[in-house]
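This document opens with one chain alone, in structure tokens, the form predicted on its own.
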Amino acid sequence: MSLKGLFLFVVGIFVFGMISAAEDIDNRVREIAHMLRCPTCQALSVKESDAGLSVNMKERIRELLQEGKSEEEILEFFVERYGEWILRSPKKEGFSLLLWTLPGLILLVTVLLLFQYLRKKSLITSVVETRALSEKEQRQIDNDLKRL
């Protein structure tokens, strides 16, 4: 291999590495931006929004990633500035934990109450005794059957 070929090979690997690193950062920016709520749009994440503030937030995420900040540090950065509401999926602690678990608890209690109700109802129907027919009732049935 010539010196020129070796030089092109090394430059190609360097450029490929830079492109790969840029794509990795772009993917991480999209992932983190998807976790944040757009402050100016309704029901959109920062990733989905093209509002000026969202564009600035995506650039800030990119800068923080290039500084070596972790995902948690970046999310905390935005929580400090905008409050907990900026997170599309609030932290599962404190009152938020109750809100996360409440639907499951309601479902569990409902299933238990339904089970108890059905069990009690089946016990009541099994306790009801059937009595034998009186002679008059038996004769009535026999007469009705003969007529058929």
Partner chain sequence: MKRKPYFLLGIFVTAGLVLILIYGLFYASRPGEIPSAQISQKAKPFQATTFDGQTISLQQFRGQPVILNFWASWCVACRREAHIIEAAYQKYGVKGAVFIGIAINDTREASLGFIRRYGKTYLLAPDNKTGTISLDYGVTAVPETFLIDKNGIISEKVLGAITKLKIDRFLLNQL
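Positions refer to the first chain, counted from 1. No experiment lies behind these values; they were computed from the predicted model shown.
Not on display, but discussed next: the form predicted together with its partner chain.
J.: Any chance E63 has a heavy atom within 4.5 Å of its partner chain in the model of the complex?
T.: Result yes; E63 sits at the interface with its partner chain in the model of the complex.
J.: Counting only non-hydrogen atoms and a 4.5 angstroms cut-off, does E67 reach its partner chain in the model of the complex?
T.: No, E67 stays farther than 4.5 Å from its partner chain in the model of the complex.
J.: Is there a non-hydrogen atom of V29 within 4.5 angstroms of a non-hydrogen atom of its partner chain in the model of the complex?
T.: No, V29 stays farther than 4.5 Å from its partner chain in the model of the complex.
J.: Quick one: which residues from 31-59 get a non-hydrogen atom within 4.5 Å of its partner chain in the model of the complex?
T.: Those in contact are P39, T40, Q42, G52, L53, N56, M57, E59.
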